[in-house]
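Shown below, as structure tokens, is a lone chain in the form predicted alone; questions about how it binds or moves come after it.
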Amino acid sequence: MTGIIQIVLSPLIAFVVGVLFLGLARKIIARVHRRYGPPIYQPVIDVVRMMSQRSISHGALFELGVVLALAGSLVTVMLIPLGGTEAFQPFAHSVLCPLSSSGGLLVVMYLMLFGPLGLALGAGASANPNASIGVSRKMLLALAYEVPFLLVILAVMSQYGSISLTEIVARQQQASWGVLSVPLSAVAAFLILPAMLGIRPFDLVTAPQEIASGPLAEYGGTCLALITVQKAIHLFVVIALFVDLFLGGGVNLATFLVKMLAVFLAVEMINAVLPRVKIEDAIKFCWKWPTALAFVQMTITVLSK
């Protein structure tokens, strides 16, 4: 029964917190730009409104892409520890992570690719040129940040001798946080966070001023509402993963969410003040400094063992 409750609770927490963060992001950007901005609960209003609107379909793949992207995010949430006790004895039963024994960091990395692949399927079925441009940017951006992200994950796994996120969090709480044990990897991961979230200066995929929201150009109604939900859960997943890898997770759900909020606010400050870069500049950046820092840290970690 506990496992069933966790399977329901983890995606629910991710959805609520993710939607709250989406609304908070719009409010923060508005305040930085000296505007009042919409209410924090505006994304909830948008989702409810879109659910009641008519959705135009371009075929089965058009809708299947949305389902694939959302399913990937939902499964990923259940592989990420969302706070627990310091002891973690045994690991799988004292932390909110229903699929803690079903995979490790590499599985999480693969599942996170379901979002770009799902959008690529749907956008391809729409035959909209703006959507095609957005998808090509999405896949190139994913290729750009996956290289340093893989090096970051390898360094963390080498440092703590495990591929299990739950065990990595437990060892951080027993010793020192990842930001102290593998500092260069932490910096590299923070540098690619905006790219993984698709926000400025890497908001190249949707870019309303250039390609009319890119892959989302043909979506509306229920499908667009589900994409918004997927975006909220993906936001939660990326920030939660950073907290688990480098900030020791949380001794309980409350402290975990506080750490997530701190990371989110730091990333949103970058989003609020930096302009969009070109796709080639985004690739050069991700393959330069984050990759170099992550590679140096991985080398140091492996040689010190």
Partner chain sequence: MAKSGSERELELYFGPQHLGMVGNFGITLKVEGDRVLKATANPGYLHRGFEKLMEYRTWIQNFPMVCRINVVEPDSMEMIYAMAVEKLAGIEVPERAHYIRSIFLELARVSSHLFGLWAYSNMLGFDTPAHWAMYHRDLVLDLFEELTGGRVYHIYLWPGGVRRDFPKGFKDRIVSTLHSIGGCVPDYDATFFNNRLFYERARGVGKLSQEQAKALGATGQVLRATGTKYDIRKVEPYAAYDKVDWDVPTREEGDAYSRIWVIRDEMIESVHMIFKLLDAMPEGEVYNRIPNPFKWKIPPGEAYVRCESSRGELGLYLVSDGGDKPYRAHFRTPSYPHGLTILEKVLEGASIADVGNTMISLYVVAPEIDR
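Positions refer to the first chain, counted from 1. Computed from a prediction, not measured in an experiment: that's the story for all the values here.
Omitted from view is the form predicted in complex with its partner chain, to which the following refers.
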Worksheet, complete the sentence: Checked V277, L253, L247, L261 for heavy atoms within 4.5 Å of its partner chain in the model of the complex; positive is V277
Worksheet item: Looking in the model of the complex, any heavy atom of R137 within 4.5 Å of its partner chain?
Response: yes
Discussion item. Even though the partner isn't displayed, in the model of the complex is P201 close enough to its partner chain, meaning a heavy atom within 4.5 Å?
Written reply: yes
Fill in: is_contact(P129, its partner chain) in the model of the complex, heavy atom dist at most 4.5 Å
yes
Fill in: Contact test in the model of the complex: I133 vs its partner chain, heavy atoms, 4.5 Å
yes
Discussion item. Pick out the residues of 29-63 whose heavy atoms come within 4.5 Å of its partner chain in the model of the complex.
Written reply: V32, H33, R34, R35
